[in-house]
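The chain that follows stands alone, in the form predicted on its own, written as structure tokens.
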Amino acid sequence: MNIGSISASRRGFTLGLMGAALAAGSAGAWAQAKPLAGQTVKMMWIDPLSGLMGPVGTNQLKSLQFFAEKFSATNPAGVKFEVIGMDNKLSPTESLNHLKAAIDQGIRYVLQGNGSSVAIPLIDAINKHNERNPGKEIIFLNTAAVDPDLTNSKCSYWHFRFDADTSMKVEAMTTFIKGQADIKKVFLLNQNYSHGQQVARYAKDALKRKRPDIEIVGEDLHPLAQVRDFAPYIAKIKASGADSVITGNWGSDLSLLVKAATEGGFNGKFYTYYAGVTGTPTALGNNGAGRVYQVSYNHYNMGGQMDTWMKEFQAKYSDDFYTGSIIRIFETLGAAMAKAKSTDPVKVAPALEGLKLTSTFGGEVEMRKADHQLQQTLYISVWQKADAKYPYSPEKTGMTLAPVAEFAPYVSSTPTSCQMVRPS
């Protein structure tokens, strides 16, 4: 071998050592940046996959698993998220059985949201379990159960809500209604359980405060997820002379309601919580244009990274993503675990309290320490024809929910009476 070849060989060896050193340095930096790299966080989702509300749950389970994969690759803790879905049939009893299964499997994070009537007994059971089983504590991540009592009289150290509660949404909705001079007579139609009852109560109080001239011309409650024909309710609304309806209905109870309104010739406005949820866009079609409003913490035309993800989700599942709280859960959980340098709920819970971050959508959010209610921007959007400015069309209707008002967190934030009992 000549001297030139030996020199080249040595240069290669030296470069190889340098590359190995750089690789080791990068691995060290990665380990430092991702303190829990290689750990898996198993989560059990307990919500309906069957019955009238099954389509909503099916969409949300796909959403959770889609974003579990996304955030497993990017979260600052370096953990892998894994979501197991269980069908509770919208039943508290079934939900408690699934909670027991989660406990038996050593799962420390539980997700639920479709029905405060389920959330309340789940919180009670988790509180009791955590008190009796130190070292095996569970955190309850609330995706959509919005009864204000969950962060007031029934608040729990182990419960964190990522949706905006009913009082917050009513505050934003009625602030918007305050400026709508054409609204004179309102009918309140809601599901007969804690959430629906709270929507009616808070709406009456807020309207009295902000628009005392508005007349409540009717109020009705109906069974949750049991009504298949809302024609009698629409007839009652029309007979009342109402020009607007406020409803917290979701799932089939909203899609069937708006379908009955179209067929029954009710041309008034609807102020809703969940107009963008599975089945309702199709039920609305072109008929609700300019007349159906939604209050929410996200909408179909957020833009930016949300736009990219929504298109990807639609292409993968032929379905629409709408439960934005799922993104917030993975954002905050990853940040809290990185801060705590642990996946143990005992260490993660205090790291979640008071946590602030700039979310993928909607700006800065804060998990309020006093009651574990996420403080976030709320939007009012209206059902209209999709256009160049607001192009996303749910359920391929050619329509969309376009934003018409935005309320910063301090506007819709409501006080809490929570007396948080923290572990000693």
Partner chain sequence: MELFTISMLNGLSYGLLLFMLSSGLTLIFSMMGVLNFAHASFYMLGAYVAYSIARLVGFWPGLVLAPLVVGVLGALFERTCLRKVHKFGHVPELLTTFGLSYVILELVQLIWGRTAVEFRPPPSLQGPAFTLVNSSVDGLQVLWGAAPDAMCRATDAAVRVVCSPFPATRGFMMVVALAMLVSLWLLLTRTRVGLVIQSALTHPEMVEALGHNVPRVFMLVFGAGAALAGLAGVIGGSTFVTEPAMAATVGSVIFVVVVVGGMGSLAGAFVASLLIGVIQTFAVAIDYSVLDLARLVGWQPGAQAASHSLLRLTVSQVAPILPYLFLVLILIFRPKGLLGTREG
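Rigid core (definition): largest C-alpha set, two forms, superposition within 1.5 Å. What you are looking at is a predicted structure, and each value in this text was computed from that prediction instead of being measured. Positions refer to the first chain, counted from 1.
What comes next is about the form predicted together with its partner chain, which is not displayed.
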- Message: How about residue 220 - does it come within 4.5 Å of its partner chain in the predicted complex, if we only consider non-hydrogen atoms?
- Response: yes
- Message: Residue-level contact is defined here as any heavy atom of the residue lying within 4.5 Å of its partner chain in the predicted complex; does residue 134 satisfy this criterion?
- Response: no
- in the predicted complex, residue 89 touching its partner chain (heavy atom, 4.5 Å): no
- Message: Since only the chain is shown here, I'm wondering whether residue 206 would be in contact with its partner chain in the predicted complex (any heavy atom pair within 4.5 Å).
- Response: no
- Query: Out of 73, 181, 239, 315, which one falls within 4.5 Å of its partner chain in the predicted complex, going by heavy atoms?
  - Reply: 239
- Message: Please identify the residue among 301, 343, 282, 152 with any heavy atom within 4.5 Å of its partner chain in the predicted complex.
- Response: 282
- Item | Segment that reaches its partner chain in the predicted complex - one of 123 to 131, 100 to 108, 251 to 259, 161 to 169, heavy atoms within 4.5 Å | 251 to 259
- Using the arrangement in the predicted complex, list in sequence order the residues of 263 to 278 with any heavy atom within 4.5 angstroms of its partner chain. 263, 264, 265, 278
- Cα of residue 251 displaced 2 Å or more between this form and the one not shown, core superposed? yes
- Quick one: once the rigid core is lined up, does residue 191 have its C-alpha move by 2 Å or more between this form and the one not shown? yes
